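The chain below stands alone and is given as structure tokens, in the form predicted on its own.
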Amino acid sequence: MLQNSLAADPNRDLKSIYVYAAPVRIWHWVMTAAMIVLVTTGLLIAYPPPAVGGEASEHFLFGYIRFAHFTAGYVLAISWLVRVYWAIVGNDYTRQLFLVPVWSRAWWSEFGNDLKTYAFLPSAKPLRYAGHNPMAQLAMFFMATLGSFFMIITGFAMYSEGAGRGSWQDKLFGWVIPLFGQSQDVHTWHHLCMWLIVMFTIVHLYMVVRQEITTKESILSTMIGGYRSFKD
């Protein structure tokens, strides 16, 4: 298996590498769609729209909003579990979001080089990577892996209050509420993490476009076709 960093042989004649298999690419776009629905409906739940006129029984607007939020939450949770499974059975690149080699001196050296590269320092040496570079790997680990997991367990913890005691949601996630203190605390942290993910997504989009333009390797197209292409 080819190492993630191609710095050891920068002059290697390399056109493309198959990095992301179909399950990884599908997970990426399903998670993206679920996140869009979750953030949109989550904001409407946190800041409800004005009440509509007429008989309450004739309107189910907020019910539809909550249903869309819960459905997207289930989709996110199931896709996250599938992603964990594929990290076990897939290639080395599929495990980057779950296993960050912080024990490696070479990884930290390349992480420092990434900092210089993103800061546009002249001393930086642009390196080629088959998968994520160290900085992207660390960011994806904290936000895409741990961030999604945090949103799933806190979301199902709040959902368990409506499902009731004895439900499977309560049995699996009921412990989360007393761990944080009370229900409102879970709501607050869930809402705060949502904003962190939104900010991460903005930075992520900037980095993707920036890398696609400033480096000699494909970024966005890799998550569509699966191949990392090198323009040099």
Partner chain sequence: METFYEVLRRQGITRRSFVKFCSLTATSLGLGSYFTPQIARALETKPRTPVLWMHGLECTCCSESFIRSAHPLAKDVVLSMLSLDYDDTLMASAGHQAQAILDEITTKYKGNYILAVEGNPPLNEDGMYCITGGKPFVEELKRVAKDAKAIIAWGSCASWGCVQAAKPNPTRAVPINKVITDKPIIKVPGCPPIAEVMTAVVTYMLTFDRLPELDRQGRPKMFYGQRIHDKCYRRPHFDAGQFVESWDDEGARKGYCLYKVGCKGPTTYNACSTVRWNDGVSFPIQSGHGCIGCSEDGFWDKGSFYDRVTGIKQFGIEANADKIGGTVAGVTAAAVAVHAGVTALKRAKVDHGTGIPKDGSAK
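Keep in mind the model is a prediction, meaning the values are calculated, not measured. Residue numbers count along the first chain shown, from 1.
What comes next is about the form predicted in complex with the partner chain, which does not appear here.
In the model of the complex, does Lys15 have a heavy atom within 4.5 Å of the partner chain?
It does not: once the partner chain is placed as it appears in the model of the complex, Lys15 has no heavy atom within 4.5 Å of it.
Is Asp92 a contact residue for the partner chain in the model of the complex, using a 4.5 Å heavy atom cut-off?
Taking the distances in the model of the complex, the answer for Asp92 is no, it never comes within 4.5 Å of the partner chain.
Might Leu192 be said to contact the partner chain in the model of the complex, defining contact as any heavy atom within 4.5 Å?
Leu192: yes, in contact with the partner chain in the model of the complex.
Does Ala22 reach the partner chain in the model of the complex, with heavy atoms at most 4.5 Å apart?
The answer is no: Ala22 has no heavy atom within 4.5 Å of the partner chain.
Within 4.5 Å of the partner chain in the model of the complex - does that hold for a heavy atom of every one of His28, His69 and Thr71?
Result no, not one residue of the spot touches the partner chain.
Looking at heavy atoms inside 4.5 Å, which stretch does the partner chain contact in the model of the complex, given the options 145 to 153, 83 to 91, 115 to 123, 96 to 104?
Only one stretch qualifies here: 115 to 123.
Can you tell me which residues in 176 to 196 come within 4.5 angstroms of the partner chain in the model of the complex, by heavy atoms?
In sequence order, Pro178, Gly181, Gln182, Ser183, Gln184, Asp185, His187, Thr188, Trp189, His191, Leu192, Trp195 come within 4.5 Å of the partner.
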